[in-house]
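A single chain comes next, written as structure tokens; it is the form predicted on its own.
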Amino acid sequence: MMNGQKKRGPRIEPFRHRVETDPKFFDKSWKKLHDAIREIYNHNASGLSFEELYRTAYNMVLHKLGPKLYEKLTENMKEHLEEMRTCVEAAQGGLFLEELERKWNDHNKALTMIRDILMYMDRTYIPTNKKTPVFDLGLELWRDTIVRSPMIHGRLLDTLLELIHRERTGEVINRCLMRTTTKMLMTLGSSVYQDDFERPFLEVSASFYSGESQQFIDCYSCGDYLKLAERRLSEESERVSQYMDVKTNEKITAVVVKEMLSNHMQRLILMENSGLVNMLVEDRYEDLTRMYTLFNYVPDGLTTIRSVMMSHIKDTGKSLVTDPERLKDPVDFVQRLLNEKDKFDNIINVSFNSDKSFLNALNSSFEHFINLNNRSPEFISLFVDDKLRKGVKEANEDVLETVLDKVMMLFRYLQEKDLFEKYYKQHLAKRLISGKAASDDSERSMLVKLKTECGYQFTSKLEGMFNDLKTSQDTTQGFYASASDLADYPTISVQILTTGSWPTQPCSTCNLPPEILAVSERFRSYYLGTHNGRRLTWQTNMGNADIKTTFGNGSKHELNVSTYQMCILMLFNSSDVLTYREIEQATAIPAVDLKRCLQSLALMKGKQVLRKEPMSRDIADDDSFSVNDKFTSKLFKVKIGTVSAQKETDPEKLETRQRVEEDRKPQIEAAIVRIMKSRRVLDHNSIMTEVTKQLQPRFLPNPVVIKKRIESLIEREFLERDKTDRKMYRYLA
């Protein structure tokens, strides 16, 4: 019957017969291995059968004799290492490291063979029982028995440090032996290398470089000291690459930097007659590059260099812009600024790796000292005027373009850009009206630069001036085309200037000669007949004329003169001698301008077309003038300028400043209204900050003026004060 019973499967019974092992199996096997290890250490391994030895070790582990085998192996290797230690300890002088190297190599070769014989134990018994692998065991035993033995440990470190010291002082040492020794320490573990060599090495190095820096900083210049520091850093880096762990490089570099540079940073940078300032003054690019590179390793090193450089630039710049002698020549003044800028640009690009933080420091320094002189906007405009008048003669278009680009850098530093605009407008007007603009392309290029920098509003009126000249040319051509009876009249070229675009000033029209007056009135009638609702006012102080002249000695010349000078000279067609008072009454030229014109006609060397009695520079009411019949010149065309100051006089300067201040008022008010319209309610300090921020690209508004404009807007009911907080303002729609 099958029910109620479970069917059992087949079952394998363990082998019950007991295998008998030889009681002396371990002793016999170990003796075989023991003898083999001895032969290996004695360099007699060639006669050994490694396959047989492997099987012996294999069987020992298989018979669970691994613990005993591991213990015997440890004891045996230790015995051999103790013998080696005795040999190493006995080595004298320079032979010490050589003997250590030899024994280390022997031990390594032996370890490799022993590991191969005991491979099975390495793979099975050791991982299972968490024992140290055979090869690593051999290294640990070498470390504890030899490297850290009392007789070798200190001696090894002293020997290594002594050799390094000798190399630092110029001796040649056996680098190969050093490499083998330090590599041995690295093989024994990073902690062995660091504790037994690297840490003491860094401590001794710090002491060495501390002493050396103290010795040389007292007798070396900054440049020479930095060369020494650079050489030492290079030597240490090369030393590490030859016989140390690569990670030591960063550590030894930090030690040299600290002892030779960080600890003496202020003294080196500020060193009298050879420090940073001296290097900057004398353009010592190589030394500056070295200083930048070395102090890049030092915390706050570049910050300190940058700070000292800024102070030097500010001091140099301040002495430049406040020196009364320098202010006598505006063109030279600006050229010196450009030279200074070029100098430091080159230093930063060549020596300071075009470091942006140094470029920003340079810009900040220039902005600081350029604005110390409130005439900088005028002088920069005069410089541009000089270049655009003479640009073609002095250099080609590319060179002129480069100069203008550099000037724009100075322009960016100006806080009163609107003042520059005022002067530039005046100077441009004079160039265009007198026809002295060197190149139309250069003029327009400068306008594009200003437009790019400040926007369309900045240059719209300046562009209008160019448009007026083009329109005037077409109008003059139309005038002569419309009238055929003008052949007997002097030829005139009229420039019609739109009020508002040109910096014209109200002036009383002088009495023009009848010949000129007649054709001028004909032109007025023509122009007003073709343009409704316009007025023409002659600006006789701005024109010029060409006069064909025959002198008493028969010489003929064509004189290029101003309109005022023409009016004076034409009087002598009907009079031989005229006093100053008579000329003034006949021409109605303002006294200041009249005296300048007479000085240039009678006193300018080589261009004295009039004679003055008495011959003195000052002009009195009763001084008399007559044509100089003896006038001669090598040139047929003689250009006679007007004696005038290039710079503004103090009254003119004050007048320009007042006009600029008046022009600023509506701009400040417009900025306040824009801000309040978008914010609706704002406190006083915030309005001040916002207005300054908005207007800074054109000028730096005075807080007092901003406050007055706010009061004016409150009076006109654009704004009101908050009833509870008087410092809050509300926008009134």
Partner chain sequence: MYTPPTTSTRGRVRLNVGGRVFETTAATLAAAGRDTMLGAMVDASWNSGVHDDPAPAEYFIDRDPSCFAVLLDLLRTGDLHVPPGLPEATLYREALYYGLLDRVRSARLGGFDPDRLRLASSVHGRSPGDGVAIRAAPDGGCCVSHGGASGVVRVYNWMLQERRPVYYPSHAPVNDAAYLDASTLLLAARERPGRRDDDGGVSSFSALTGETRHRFRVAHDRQPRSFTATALAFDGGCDVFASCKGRINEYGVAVWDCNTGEQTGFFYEPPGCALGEADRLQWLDGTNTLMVATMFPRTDSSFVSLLDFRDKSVVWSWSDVGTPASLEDKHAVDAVATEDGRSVCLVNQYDDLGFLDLRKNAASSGGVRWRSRSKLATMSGGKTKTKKAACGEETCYPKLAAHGGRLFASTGDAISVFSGPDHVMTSTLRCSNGGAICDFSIGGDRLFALHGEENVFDVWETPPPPII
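Rigid core: the largest C-alpha set superposing within 1.5 Å between the two forms. Please read these numbers as outputs of a predicted model, since none were measured by experiment. Numbering follows the first chain given and starts at 1.
Below, we refer to the form predicted together with the partner chain, which is not included among the displayed structures.
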Evaluate H63 for contact with the partner chain in the model of the complex, applying a 4.5 angstroms cut-off between non-hydrogen atoms, and reply yes or no. no
Given that the partner chain is not shown alongside this chain, does S46 nevertheless sit within 4.5 Å of it in the model of the complex, heavy atom to heavy atom? yes
Does the partner chain get within 4.5 angstroms of any non-hydrogen atom of D546 in the model of the complex? no
Is E286 a contact residue for the partner chain in the model of the complex, using a 4.5 Å heavy atom cut-off? no
Can you pick the one in A90, M119, L202, V577 that has a heavy atom within 4.5 Å of the partner chain in the model of the complex? M119
In the model of the complex, which of the listed residues (K677, R55, H684, R38) lies with a heavy atom within 4.5 Å of the partner chain? R55
Among 397-405, 413-421, 119-127, 587-595, which stretch sits within 4.5 Å of the partner chain in the model of the complex, heavy atoms only? 119-127
M119: after superposing the rigid core, is there a C-alpha shift of 2 Å or more between the shown form and the other one? yes
Answer yes if the CA of N108 moves 2 Å or more between the shown form and the other one after aligning the rigid core, and no otherwise. yes
Taking the rigid core as the frame, does F135 move its C-alpha by 2 Å or more between the shown form and the other one? yes
